[in-house]
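Starting off, we have a lone chain in the form predicted alone, written out as structure tokens.
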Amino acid sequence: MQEIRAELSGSVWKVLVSVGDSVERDQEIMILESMKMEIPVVAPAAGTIGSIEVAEGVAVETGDLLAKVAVP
């Protein structure tokens, strides 16, 4: 599984996928909000969402685990 971690501090504005969803490389899986800017979080590789570790509205810090993608 590949881990997806927050690249900056902010809050989870919207989660766009669910566990079990297939994703393509660079597909947006969630959107973070920091300083009134929306920052997309993308899948690092094609695969299946193995876990979502955060919920909408939750504050995250740089390096926090957001999700995991199972890569074939």
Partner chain sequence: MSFTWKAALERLAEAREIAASLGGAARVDRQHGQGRLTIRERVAAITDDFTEVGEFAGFTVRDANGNDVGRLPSSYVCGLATVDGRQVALGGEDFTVRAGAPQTYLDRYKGGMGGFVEDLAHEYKIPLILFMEGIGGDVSAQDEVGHSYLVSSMSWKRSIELLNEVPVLVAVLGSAAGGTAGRAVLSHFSVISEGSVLFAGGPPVVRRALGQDVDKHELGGAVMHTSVSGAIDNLAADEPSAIAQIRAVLGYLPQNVWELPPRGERTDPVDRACDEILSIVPENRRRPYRIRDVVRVILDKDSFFEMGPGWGNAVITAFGRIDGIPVGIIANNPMHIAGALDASAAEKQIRFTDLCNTFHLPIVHFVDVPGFMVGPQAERGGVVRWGMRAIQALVEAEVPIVTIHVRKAYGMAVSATSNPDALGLRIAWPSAEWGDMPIEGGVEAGFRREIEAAENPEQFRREVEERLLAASDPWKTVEAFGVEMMIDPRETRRVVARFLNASLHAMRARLGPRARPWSMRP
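In this text, all values refer to a predicted model and were calculated from it rather than measured experimentally. Numbering follows the first chain given and starts at 1.
There is another form of this protein, the form predicted in complex with the partner chain, and it is not shown here; the text below is about that form.
When the partner chain is considered in the predicted complex, Ala45 lies well away from it, no heavy atom lying within 4.5 Å. Taking non-hydrogen atoms only, Ser22 never approaches the partner chain to within 4.5 angstroms in the predicted complex. At the 4.5 Å threshold, heavy atoms of Ser18 stay clear of the partner chain in the predicted complex, well away from it. Proximity of Leu8 to the partner chain in the predicted complex falls within the 4.5 Å heavy atom cutoff.
Applying a 4.5 Å heavy atom cutoff to the partner chain in the predicted complex picks out Thr62 as the lone residue from 41 to 72.
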